[in-house]
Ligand code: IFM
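Encoded as C-alpha coordinates, the following chain is the form predicted on its own, with no partner shown.
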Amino acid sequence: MTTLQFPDGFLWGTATAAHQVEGGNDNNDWWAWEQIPGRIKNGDSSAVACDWWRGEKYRADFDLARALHQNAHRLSIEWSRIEPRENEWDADAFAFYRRVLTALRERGLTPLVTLHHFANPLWLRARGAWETDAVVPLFERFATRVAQELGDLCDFWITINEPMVYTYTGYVNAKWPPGKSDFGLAMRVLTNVLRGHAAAYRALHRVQPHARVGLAHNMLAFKPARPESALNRVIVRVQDYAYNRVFLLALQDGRLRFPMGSGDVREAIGTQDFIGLNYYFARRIAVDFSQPGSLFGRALPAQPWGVPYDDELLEWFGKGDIDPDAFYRTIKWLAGYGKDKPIYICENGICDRNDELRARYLITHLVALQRAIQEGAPVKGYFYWTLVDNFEWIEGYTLRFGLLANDRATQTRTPKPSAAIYARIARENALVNEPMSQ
(Lines give C-alpha, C1' and ligand atoms only; values in the text may rest on other atoms or scores of the structure.)
Protein backbone atom coordinates (compact mmCIF):
# COMPACT_ATOMS: atom_id res chain seq x y z
CA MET A 1 0.00 0.00 0.00
CA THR A 2 1.31 3.45 -0.98
CA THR A 3 0.42 6.28 1.39
CA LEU A 4 1.31 9.91 0.69
CA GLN A 5 0.69 11.81 3.91
CA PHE A 6 -0.05 15.51 4.24
CA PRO A 7 0.97 17.65 7.24
CA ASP A 8 -1.12 17.71 10.40
CA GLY A 9 -3.64 20.55 10.37
CA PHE A 10 -3.71 20.70 6.57
CA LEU A 11 -6.72 22.57 5.18
CA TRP A 12 -8.88 20.67 2.68
CA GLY A 13 -11.51 22.84 1.08
CA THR A 14 -13.22 24.18 -1.96
CA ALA A 15 -13.50 27.73 -3.31
CA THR A 16 -16.41 29.86 -4.50
CA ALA A 17 -16.96 33.50 -5.47
CA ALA A 18 -19.96 35.66 -4.60
CA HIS A 19 -21.09 36.65 -8.09
CA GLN A 20 -20.80 33.07 -9.30
CA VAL A 21 -22.97 31.44 -6.63
CA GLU A 22 -25.16 34.02 -4.90
CA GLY A 23 -27.56 35.17 -7.61
CA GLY A 24 -29.25 38.56 -7.58
CA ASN A 25 -26.02 40.58 -7.79
CA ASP A 26 -27.60 43.29 -9.95
CA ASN A 27 -25.59 46.28 -8.73
CA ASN A 28 -22.14 45.52 -10.10
CA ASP A 29 -20.25 45.81 -13.38
CA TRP A 30 -20.53 42.10 -14.16
CA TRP A 31 -24.32 42.25 -14.05
CA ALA A 32 -24.21 45.23 -16.41
CA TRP A 33 -21.89 43.27 -18.69
CA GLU A 34 -24.32 40.35 -18.75
CA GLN A 35 -27.07 42.62 -20.08
CA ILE A 36 -25.15 43.28 -23.31
CA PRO A 37 -26.23 40.72 -25.94
CA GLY A 38 -23.47 38.33 -26.96
CA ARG A 39 -21.25 38.91 -23.95
CA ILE A 40 -22.19 35.69 -22.10
CA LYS A 41 -22.36 32.31 -23.80
CA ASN A 42 -25.90 31.11 -24.50
CA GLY A 43 -27.24 34.35 -23.02
CA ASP A 44 -26.80 32.85 -19.55
CA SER A 45 -27.47 35.02 -16.52
CA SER A 46 -26.24 35.07 -12.94
CA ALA A 47 -29.71 36.13 -11.76
CA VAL A 48 -30.18 32.93 -9.75
CA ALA A 49 -26.79 31.20 -10.01
CA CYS A 50 -26.67 28.73 -7.08
CA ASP A 51 -29.30 30.63 -5.07
CA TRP A 52 -27.20 31.48 -2.04
CA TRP A 53 -28.64 34.98 -1.60
CA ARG A 54 -32.42 34.54 -1.75
CA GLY A 55 -32.71 30.81 -1.07
CA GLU A 56 -29.73 30.59 1.31
CA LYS A 57 -28.72 27.32 -0.36
CA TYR A 58 -25.24 27.77 1.06
CA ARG A 59 -26.42 25.93 4.18
CA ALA A 60 -27.09 22.72 2.27
CA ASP A 61 -23.90 23.16 0.26
CA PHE A 62 -21.86 23.53 3.46
CA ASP A 63 -23.61 20.44 4.87
CA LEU A 64 -22.38 18.51 1.84
CA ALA A 65 -18.90 20.01 2.10
CA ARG A 66 -18.68 18.86 5.69
CA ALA A 67 -20.09 15.42 4.83
CA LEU A 68 -17.32 15.22 2.22
CA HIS A 69 -14.79 15.76 5.06
CA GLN A 70 -13.73 19.26 4.06
CA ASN A 71 -12.50 21.47 6.88
CA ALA A 72 -12.23 24.84 5.12
CA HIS A 73 -13.97 26.95 2.51
CA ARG A 74 -12.88 29.96 0.49
CA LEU A 75 -15.62 32.47 -0.40
CA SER A 76 -15.89 36.14 -1.28
CA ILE A 77 -17.72 39.22 -0.03
CA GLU A 78 -19.64 41.15 -2.69
CA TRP A 79 -18.60 44.81 -2.43
CA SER A 80 -21.73 46.06 -4.21
CA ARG A 81 -23.95 44.45 -1.56
CA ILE A 82 -21.99 45.81 1.39
CA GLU A 83 -21.66 49.32 -0.06
CA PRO A 84 -24.48 49.63 -2.63
CA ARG A 85 -23.90 53.38 -2.94
CA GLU A 86 -20.74 55.24 -2.07
CA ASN A 87 -20.26 55.40 1.70
CA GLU A 88 -23.67 53.82 2.37
CA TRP A 89 -23.45 50.52 4.21
CA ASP A 90 -26.13 47.83 4.05
CA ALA A 91 -26.93 46.19 7.38
CA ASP A 92 -28.88 43.39 5.69
CA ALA A 93 -25.85 42.48 3.58
CA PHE A 94 -23.61 42.35 6.64
CA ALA A 95 -26.24 40.18 8.35
CA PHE A 96 -26.25 37.82 5.35
CA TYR A 97 -22.49 37.37 5.43
CA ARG A 98 -22.60 36.87 9.19
CA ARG A 99 -25.04 34.02 8.60
CA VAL A 100 -22.78 32.54 5.92
CA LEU A 101 -19.65 32.72 8.06
CA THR A 102 -21.50 31.40 11.10
CA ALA A 103 -22.78 28.47 9.04
CA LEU A 104 -19.20 27.63 8.09
CA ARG A 105 -17.99 27.89 11.67
CA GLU A 106 -20.84 25.72 12.95
CA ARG A 107 -19.81 22.98 10.53
CA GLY A 108 -16.13 23.14 11.46
CA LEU A 109 -15.12 24.81 8.18
CA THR A 110 -12.41 27.48 8.42
CA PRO A 111 -13.42 30.50 6.29
CA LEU A 112 -10.93 32.11 3.91
CA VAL A 113 -12.58 35.36 2.77
CA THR A 114 -11.78 37.23 -0.45
CA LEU A 115 -12.60 40.94 -0.57
CA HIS A 116 -12.44 41.47 -4.34
CA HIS A 117 -13.21 38.67 -6.79
CA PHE A 118 -13.45 40.50 -10.15
CA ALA A 119 -16.72 42.45 -9.56
CA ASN A 120 -17.00 46.20 -8.83
CA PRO A 121 -20.02 48.19 -7.58
CA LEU A 122 -21.71 50.28 -10.28
CA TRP A 123 -20.98 53.50 -8.39
CA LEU A 124 -17.28 52.59 -8.38
CA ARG A 125 -17.37 51.81 -12.08
CA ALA A 126 -18.86 55.25 -12.69
CA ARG A 127 -15.82 56.73 -10.95
CA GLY A 128 -13.40 54.76 -13.12
CA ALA A 129 -12.89 51.84 -10.71
CA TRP A 130 -9.27 50.65 -10.74
CA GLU A 131 -8.30 53.06 -13.51
CA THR A 132 -8.02 55.90 -11.00
CA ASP A 133 -5.93 56.44 -7.88
CA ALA A 134 -9.13 57.25 -5.98
CA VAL A 135 -9.95 53.53 -5.77
CA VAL A 136 -7.17 52.88 -3.26
CA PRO A 137 -8.67 54.70 -0.24
CA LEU A 138 -12.13 53.46 -1.22
CA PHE A 139 -10.99 49.84 -1.16
CA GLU A 140 -9.11 50.48 2.08
CA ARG A 141 -12.31 51.84 3.64
CA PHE A 142 -14.26 48.81 2.42
CA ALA A 143 -11.67 46.40 3.87
CA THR A 144 -11.73 48.25 7.20
CA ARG A 145 -15.51 48.13 7.45
CA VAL A 146 -15.70 44.42 6.56
CA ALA A 147 -13.08 43.54 9.18
CA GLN A 148 -14.88 45.60 11.81
CA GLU A 149 -18.23 43.97 11.08
CA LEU A 150 -17.14 40.38 10.38
CA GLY A 151 -13.73 40.04 11.98
CA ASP A 152 -15.03 38.07 14.94
CA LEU A 153 -15.93 35.31 12.46
CA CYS A 154 -12.87 35.45 10.19
CA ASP A 155 -9.21 36.41 10.48
CA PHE A 156 -7.98 34.74 7.25
CA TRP A 157 -8.21 37.09 4.24
CA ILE A 158 -7.43 37.41 0.55
CA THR A 159 -7.52 41.03 -0.54
CA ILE A 160 -7.74 40.58 -4.32
CA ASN A 161 -8.23 37.56 -6.56
CA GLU A 162 -5.97 37.15 -9.62
CA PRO A 163 -4.71 40.69 -10.33
CA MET A 164 -3.17 39.64 -13.65
CA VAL A 165 -6.36 37.94 -14.89
CA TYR A 166 -8.49 40.94 -13.88
CA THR A 167 -6.14 43.34 -15.66
CA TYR A 168 -5.52 41.29 -18.80
CA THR A 169 -9.09 40.26 -19.54
CA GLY A 170 -10.57 43.69 -18.80
CA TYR A 171 -7.88 45.98 -20.22
CA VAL A 172 -5.86 44.01 -22.79
CA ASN A 173 -8.00 41.39 -24.57
CA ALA A 174 -11.27 43.21 -23.70
CA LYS A 175 -13.31 40.05 -23.03
CA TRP A 176 -14.36 41.12 -19.52
CA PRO A 177 -15.69 44.41 -18.21
CA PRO A 178 -14.92 47.17 -18.92
CA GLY A 179 -13.96 45.71 -22.31
CA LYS A 180 -10.97 47.95 -23.07
CA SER A 181 -7.76 47.21 -24.93
CA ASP A 182 -5.13 49.69 -23.81
CA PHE A 183 -1.77 48.44 -22.56
CA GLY A 184 -0.88 51.73 -20.87
CA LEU A 185 -4.20 51.79 -19.06
CA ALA A 186 -3.73 48.15 -18.08
CA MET A 187 -0.44 49.00 -16.40
CA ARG A 188 -2.13 51.84 -14.49
CA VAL A 189 -4.87 49.44 -13.36
CA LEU A 190 -2.35 46.84 -12.22
CA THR A 191 -0.46 49.50 -10.26
CA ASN A 192 -3.65 50.62 -8.53
CA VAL A 193 -4.59 47.01 -7.78
CA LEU A 194 -1.23 46.54 -6.08
CA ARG A 195 -1.67 49.76 -4.12
CA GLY A 196 -5.19 48.74 -3.19
CA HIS A 197 -3.95 45.39 -1.94
CA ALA A 198 -1.28 47.08 0.19
CA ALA A 199 -3.80 49.53 1.66
CA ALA A 200 -6.28 46.74 2.45
CA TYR A 201 -3.51 44.61 3.98
CA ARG A 202 -2.67 47.38 6.44
CA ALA A 203 -6.33 48.15 7.10
CA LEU A 204 -7.06 44.54 8.01
CA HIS A 205 -4.08 44.44 10.34
CA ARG A 206 -5.13 47.67 12.03
CA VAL A 207 -8.44 46.07 12.90
CA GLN A 208 -7.00 42.58 13.50
CA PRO A 209 -3.30 42.63 14.38
CA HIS A 210 -3.28 38.81 14.35
CA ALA A 211 -4.94 38.50 10.91
CA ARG A 212 -3.47 36.38 8.12
CA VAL A 213 -3.65 38.38 4.89
CA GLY A 214 -2.53 37.62 1.35
CA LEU A 215 -3.77 37.64 -2.23
CA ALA A 216 -4.57 34.91 -4.77
CA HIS A 217 -2.18 35.00 -7.72
CA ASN A 218 -2.89 32.99 -10.86
CA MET A 219 0.18 31.41 -12.42
CA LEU A 220 0.58 29.71 -15.79
CA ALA A 221 3.47 27.36 -16.47
CA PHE A 222 4.98 28.50 -19.79
CA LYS A 223 6.97 25.95 -21.81
CA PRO A 224 8.80 26.35 -25.15
CA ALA A 225 7.25 24.44 -28.04
CA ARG A 226 10.80 23.94 -29.33
CA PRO A 227 13.10 23.62 -26.31
CA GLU A 228 16.13 23.44 -28.60
CA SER A 229 15.43 26.99 -29.86
CA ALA A 230 17.23 29.69 -27.86
CA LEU A 231 14.79 32.32 -29.16
CA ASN A 232 11.81 30.21 -28.11
CA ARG A 233 13.28 29.82 -24.64
CA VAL A 234 13.86 33.56 -24.33
CA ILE A 235 10.28 34.40 -25.33
CA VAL A 236 8.96 31.88 -22.80
CA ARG A 237 11.09 33.46 -20.08
CA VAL A 238 9.79 36.91 -20.97
CA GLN A 239 6.15 35.74 -20.92
CA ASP A 240 6.72 33.91 -17.66
CA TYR A 241 8.26 37.01 -16.10
CA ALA A 242 5.56 39.38 -17.36
CA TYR A 243 2.61 37.21 -16.29
CA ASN A 244 3.84 35.22 -13.31
CA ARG A 245 6.55 37.19 -11.56
CA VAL A 246 6.12 40.96 -12.04
CA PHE A 247 3.39 41.28 -9.42
CA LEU A 248 4.98 38.89 -6.92
CA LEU A 249 8.40 40.53 -7.14
CA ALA A 250 6.83 43.94 -6.55
CA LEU A 251 5.58 42.64 -3.20
CA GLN A 252 9.23 42.13 -2.26
CA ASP A 253 10.94 45.26 -3.59
CA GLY A 254 8.15 47.74 -4.31
CA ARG A 255 8.82 48.02 -8.06
CA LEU A 256 6.41 46.99 -10.82
CA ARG A 257 8.75 46.37 -13.74
CA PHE A 258 6.80 46.36 -16.99
CA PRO A 259 8.27 45.64 -20.44
CA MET A 260 7.86 49.36 -21.24
CA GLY A 261 8.81 50.92 -17.93
CA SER A 262 8.46 50.55 -14.19
CA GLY A 263 6.44 51.95 -11.30
CA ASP A 264 7.30 52.69 -7.69
CA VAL A 265 4.91 51.00 -5.25
CA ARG A 266 7.03 50.87 -2.12
CA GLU A 267 4.00 50.60 0.14
CA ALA A 268 3.49 47.05 -1.20
CA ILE A 269 6.74 45.72 0.29
CA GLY A 270 6.05 42.92 2.77
CA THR A 271 2.27 42.97 2.41
CA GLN A 272 1.56 39.25 2.36
CA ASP A 273 1.48 36.94 5.34
CA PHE A 274 1.07 33.93 3.05
CA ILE A 275 1.28 33.18 -0.65
CA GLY A 276 -1.97 32.30 -2.41
CA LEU A 277 -1.60 30.30 -5.64
CA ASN A 278 -4.28 29.66 -8.27
CA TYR A 279 -2.99 27.10 -10.79
CA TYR A 280 -4.80 25.21 -13.56
CA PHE A 281 -2.56 24.37 -16.52
CA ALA A 282 0.62 24.93 -18.52
CA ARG A 283 1.06 26.54 -21.94
CA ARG A 284 3.37 25.55 -24.79
CA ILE A 285 4.54 28.69 -26.52
CA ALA A 286 5.75 29.02 -30.12
CA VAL A 287 7.59 32.00 -31.56
CA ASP A 288 5.20 34.28 -33.47
CA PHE A 289 6.43 37.73 -34.57
CA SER A 290 2.91 38.68 -35.69
CA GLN A 291 1.78 38.89 -32.05
CA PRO A 292 3.66 41.71 -30.30
CA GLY A 293 0.78 42.05 -27.83
CA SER A 294 1.63 38.55 -26.59
CA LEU A 295 5.34 39.36 -26.47
CA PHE A 296 5.90 37.46 -29.75
CA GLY A 297 4.68 34.15 -28.43
CA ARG A 298 1.64 32.07 -29.43
CA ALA A 299 0.02 29.39 -27.28
CA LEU A 300 -0.34 26.06 -29.09
CA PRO A 301 -3.41 23.82 -28.88
CA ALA A 302 -3.58 21.53 -25.87
CA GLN A 303 -2.10 18.08 -26.06
CA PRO A 304 -4.56 15.26 -25.25
CA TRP A 305 -4.56 13.95 -21.67
CA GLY A 306 -6.42 10.73 -21.09
CA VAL A 307 -9.85 10.63 -22.73
CA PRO A 308 -10.47 12.88 -25.74
CA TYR A 309 -11.41 16.43 -24.76
CA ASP A 310 -15.07 17.30 -25.15
CA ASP A 311 -16.20 20.76 -26.29
CA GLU A 312 -16.23 22.06 -22.72
CA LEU A 313 -12.61 21.14 -22.04
CA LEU A 314 -11.47 22.38 -25.44
CA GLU A 315 -13.12 25.72 -24.77
CA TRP A 316 -11.28 26.31 -21.53
CA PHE A 317 -8.14 24.15 -21.76
CA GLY A 318 -7.90 24.57 -25.51
CA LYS A 319 -4.51 26.28 -25.32
CA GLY A 320 -3.34 24.80 -22.04
CA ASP A 321 -1.73 21.48 -21.23
CA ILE A 322 -2.74 19.62 -18.09
CA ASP A 323 0.67 19.24 -16.47
CA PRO A 324 0.97 18.17 -12.80
CA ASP A 325 4.76 18.35 -12.97
CA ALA A 326 4.51 22.03 -13.91
CA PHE A 327 2.32 22.48 -10.82
CA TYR A 328 5.11 20.93 -8.75
CA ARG A 329 7.72 23.25 -10.30
CA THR A 330 5.53 26.29 -9.69
CA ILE A 331 5.15 25.44 -6.00
CA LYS A 332 8.89 24.86 -5.68
CA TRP A 333 9.61 28.27 -7.18
CA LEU A 334 7.13 29.92 -4.80
CA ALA A 335 8.75 28.17 -1.85
CA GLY A 336 12.08 29.73 -2.75
CA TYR A 337 10.52 33.10 -3.48
CA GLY A 338 8.60 33.12 -0.20
CA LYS A 339 11.49 32.06 2.04
CA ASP A 340 9.36 29.82 4.30
CA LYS A 341 6.23 31.95 4.00
CA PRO A 342 3.13 29.68 4.14
CA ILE A 343 1.60 28.75 0.77
CA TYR A 344 -2.08 28.00 0.17
CA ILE A 345 -3.40 26.55 -3.08
CA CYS A 346 -6.45 28.82 -3.35
CA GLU A 347 -7.73 27.36 -6.65
CA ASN A 348 -6.95 24.24 -8.66
CA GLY A 349 -9.44 22.24 -10.70
CA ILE A 350 -10.84 21.17 -14.04
CA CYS A 351 -14.08 21.68 -15.97
CA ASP A 352 -15.35 18.22 -16.84
CA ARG A 353 -19.05 17.78 -17.57
CA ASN A 354 -18.93 13.98 -17.56
CA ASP A 355 -16.57 13.70 -14.57
CA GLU A 356 -14.20 11.58 -16.65
CA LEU A 357 -10.92 13.43 -16.02
CA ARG A 358 -11.51 15.13 -12.66
CA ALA A 359 -10.33 12.24 -10.47
CA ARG A 360 -7.14 11.82 -12.47
CA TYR A 361 -6.53 15.57 -12.54
CA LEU A 362 -7.12 15.85 -8.81
CA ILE A 363 -4.95 12.90 -7.78
CA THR A 364 -2.02 13.68 -10.07
CA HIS A 365 -1.94 17.30 -8.92
CA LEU A 366 -2.14 16.28 -5.26
CA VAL A 367 0.70 13.80 -5.82
CA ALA A 368 2.74 16.67 -7.25
CA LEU A 369 1.74 18.89 -4.32
CA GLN A 370 2.69 16.25 -1.75
CA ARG A 371 6.06 15.79 -3.46
CA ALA A 372 6.75 19.53 -3.16
CA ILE A 373 5.75 19.44 0.52
CA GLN A 374 8.07 16.49 1.17
CA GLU A 375 10.88 18.53 -0.37
CA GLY A 376 10.24 21.41 2.00
CA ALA A 377 7.56 23.58 0.38
CA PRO A 378 5.48 25.05 3.27
CA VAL A 379 2.05 24.40 1.74
CA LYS A 380 -0.65 24.53 4.43
CA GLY A 381 -3.88 24.01 2.49
CA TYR A 382 -5.62 23.17 -0.79
CA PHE A 383 -8.90 24.58 -2.09
CA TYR A 384 -10.38 22.78 -5.09
CA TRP A 385 -12.23 24.99 -7.59
CA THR A 386 -15.13 24.66 -7.07
CA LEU A 387 -17.73 23.29 -4.64
CA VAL A 388 -20.76 23.43 -6.95
CA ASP A 389 -21.24 24.01 -10.68
CA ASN A 390 -21.81 27.75 -11.00
CA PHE A 391 -21.83 30.82 -13.24
CA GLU A 392 -18.41 30.84 -14.92
CA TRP A 393 -18.22 34.48 -16.08
CA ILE A 394 -18.40 34.88 -19.88
CA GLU A 395 -18.75 31.10 -20.27
CA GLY A 396 -22.02 31.14 -18.35
CA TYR A 397 -23.01 27.66 -17.18
CA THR A 398 -21.14 25.76 -19.90
CA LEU A 399 -18.05 25.07 -17.79
CA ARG A 400 -18.63 22.68 -14.90
CA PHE A 401 -15.85 22.62 -12.33
CA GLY A 402 -17.95 21.59 -9.31
CA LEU A 403 -17.66 18.55 -7.11
CA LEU A 404 -21.42 18.96 -6.80
CA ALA A 405 -23.66 19.02 -9.88
CA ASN A 406 -26.46 21.58 -9.77
CA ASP A 407 -29.84 21.13 -11.41
CA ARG A 408 -30.54 24.80 -12.05
CA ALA A 409 -34.28 24.26 -12.48
CA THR A 410 -34.67 22.73 -9.02
CA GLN A 411 -31.43 23.85 -7.34
CA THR A 412 -30.82 20.23 -6.39
CA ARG A 413 -27.20 19.25 -5.72
CA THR A 414 -25.77 15.85 -6.57
CA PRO A 415 -22.23 14.86 -5.55
CA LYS A 416 -20.20 13.64 -8.52
CA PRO A 417 -18.12 10.45 -8.27
CA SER A 418 -14.93 12.52 -8.00
CA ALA A 419 -16.35 14.17 -4.86
CA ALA A 420 -16.06 10.85 -3.05
CA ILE A 421 -12.40 10.56 -4.00
CA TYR A 422 -11.67 14.06 -2.70
CA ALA A 423 -13.62 13.20 0.46
CA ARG A 424 -11.44 10.14 1.15
CA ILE A 425 -8.27 12.16 0.67
CA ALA A 426 -9.52 14.87 3.04
CA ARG A 427 -10.68 12.30 5.61
CA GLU A 428 -7.36 10.46 5.63
CA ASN A 429 -5.26 13.60 5.14
CA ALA A 430 -3.41 11.41 2.69
CA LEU A 431 -3.46 9.76 -0.72
CA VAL A 432 -3.82 6.00 -0.19
CA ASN A 433 -3.81 4.06 -3.49
CA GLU A 434 -6.45 6.40 -4.90
CA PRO A 435 -8.04 5.27 -8.19
CA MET A 436 -7.77 7.64 -11.16
CA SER A 437 -11.47 7.24 -11.87
CA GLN A 438 -14.64 6.04 -10.17
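Throughout, we count residues from 1 along the sequence that is shown. Computed from a prediction, not measured in an experiment: that's the story for all the values here.
There is another form of the same protein, the form predicted in complex with this ligand; it is not shown, and what comes next is about it.
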* To do: Consider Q20 of the chain shown here, and say whether it contacts this ligand in the predicted complex, taking contact as heavy atoms within 4.5 Å.
  => yes
* Asked: Closest heavy atom of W52 to this ligand in the predicted complex, within 4.5 Å or not?
  -> no
* Partner contact for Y58 in the predicted complex: this ligand, 4.5 angstroms, heavy atom -> no
* To do: Give a yes/no on whether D389 approaches this ligand to within 4.5 Å in the predicted complex, heavy atoms considered.
  => no
* **Proximity to this ligand in the predicted complex (heavy atom, within 4.5 Å), stretch among 23-31, 40-48, 407-415, 390-398** => 390-398
* Proximity to this ligand in the predicted complex, single hit among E347, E83, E140, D352 (heavy atom within 4.5 Å) -> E347
* Structure fact -> From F96, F247, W316, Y166: within 4.5 Å of this ligand in the predicted complex by heavy atoms is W316
* in the predicted complex: members of 115-149 within 4.5 Å of this ligand, any heavy atom -> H117, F118
